[in-house]
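Take a look at this one chain, the form predicted on its own, written out in structure tokens.
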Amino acid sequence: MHKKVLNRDRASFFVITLPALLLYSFFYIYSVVLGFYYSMTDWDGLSRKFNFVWLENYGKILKNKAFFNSVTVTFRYAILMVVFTIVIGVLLAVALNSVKRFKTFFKSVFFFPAMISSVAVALIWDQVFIRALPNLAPLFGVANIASPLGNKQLALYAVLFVNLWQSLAMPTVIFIAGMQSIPDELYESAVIDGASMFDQFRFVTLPYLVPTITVNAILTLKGGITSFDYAKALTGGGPARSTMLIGIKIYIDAFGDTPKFSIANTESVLLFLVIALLSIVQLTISSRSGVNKA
């Protein structure tokens, strides 16, 4: 009787998960397989006929300076994203975790940007940079200031700022959760030993946050490498390709004036392999540190 009930429950679970499994298989796994398939062709995305060129597209990409420029810009952007997210996220987590009154209110206000669409955030900050910044600058004694989005030295940092403004909330919440799991006895012992606030942070808080910092760093690195919407909405990859992230490069190659869909698929495959490798590293570190169990 028990086995019949167990088999019935398993069958029910299978039926319930089957629609999601089919949708996932069609919209993700099938799409990934097609991406590999078309990366070995010369398909332009429009014509019905195409030829197999096998690994020729990969050879073209490895000789393409524009592709390597986008890779350089992307990894520079991703590394800066990781550094600022970890540093600012930990500092914000310490500050928010130390708040005694209205803690829920401050956390809610801080988390609010994460609830807004990334494109909407980018369009709002686009108007801030273009209209509000030049008009408000004279009030602080600065004249003739231009939007950083039009400056090839500053544009990437402006996009990075907008991305950080919205995406810092989730890593900070994870850091707060990590801090709240630290036993209070450790802080009490540190106080008895005469440790300062900085010493408590250095020798108690920071070591316990290492697994959380590692996971946040890998997640942020993956997010930075695959970033698209902020740069696309703010600069479109300009000026002078200074914000030409790999996501924008793939988009332009696929849907530009002269579509090169097979080249775009090849670039996507390479990006997929990088993200898959980072995901494996993340899962390995998470399983060893026990973050997933927590």
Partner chain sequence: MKKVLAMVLALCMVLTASMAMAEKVEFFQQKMEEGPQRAYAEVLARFHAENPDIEIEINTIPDAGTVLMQRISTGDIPPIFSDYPTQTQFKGKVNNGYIECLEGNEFLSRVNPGMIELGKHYDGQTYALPLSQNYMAIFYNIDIFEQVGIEGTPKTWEELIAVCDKLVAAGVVPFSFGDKDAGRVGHCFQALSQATYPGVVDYVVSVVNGEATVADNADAFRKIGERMLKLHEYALPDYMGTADTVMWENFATGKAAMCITGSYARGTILISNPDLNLGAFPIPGDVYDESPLLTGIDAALCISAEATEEQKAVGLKFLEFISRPENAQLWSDIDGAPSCLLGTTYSDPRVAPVIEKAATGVVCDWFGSKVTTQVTTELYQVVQGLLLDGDLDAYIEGLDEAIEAAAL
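Positions refer to the first chain, counted from 1. Note that the structure is a prediction, hence the values are computed from the model and not measured.
Although it is not shown, the form predicted together with its partner chain is what the next lines describe.
When contacts are judged by a 4.5 Å heavy atom cut-off, Ala146 counts as touching its partner chain in the predicted complex. Its partner chain is not drawn, but in the predicted complex it has no heavy atom within 4.5 Å of Gly247.
Using a 4.5 angstroms threshold between heavy atoms, Ile130 counts as touching its partner chain in the predicted complex. Contact annotation: Thr72 falls outside 4.5 Å of its partner chain in the predicted complex, judged by heavy atom distances.
For the three residues Ser47, Gly150 and Phe255, a heavy atom within 4.5 Å of its partner chain turns up in the predicted complex in every case. The listed set Val53, Ile225, Val269, Ile61 contains one residue whose heavy atoms approach its partner chain in the predicted complex to within 4.5 Å, identified as Ile61. Shown without its partner, the chain has Thr258, Pro259, Lys260, Ile263, Glu267 in segment 258-274 as residues with a non-hydrogen atom within 4.5 angstroms of its partner chain in the predicted complex.
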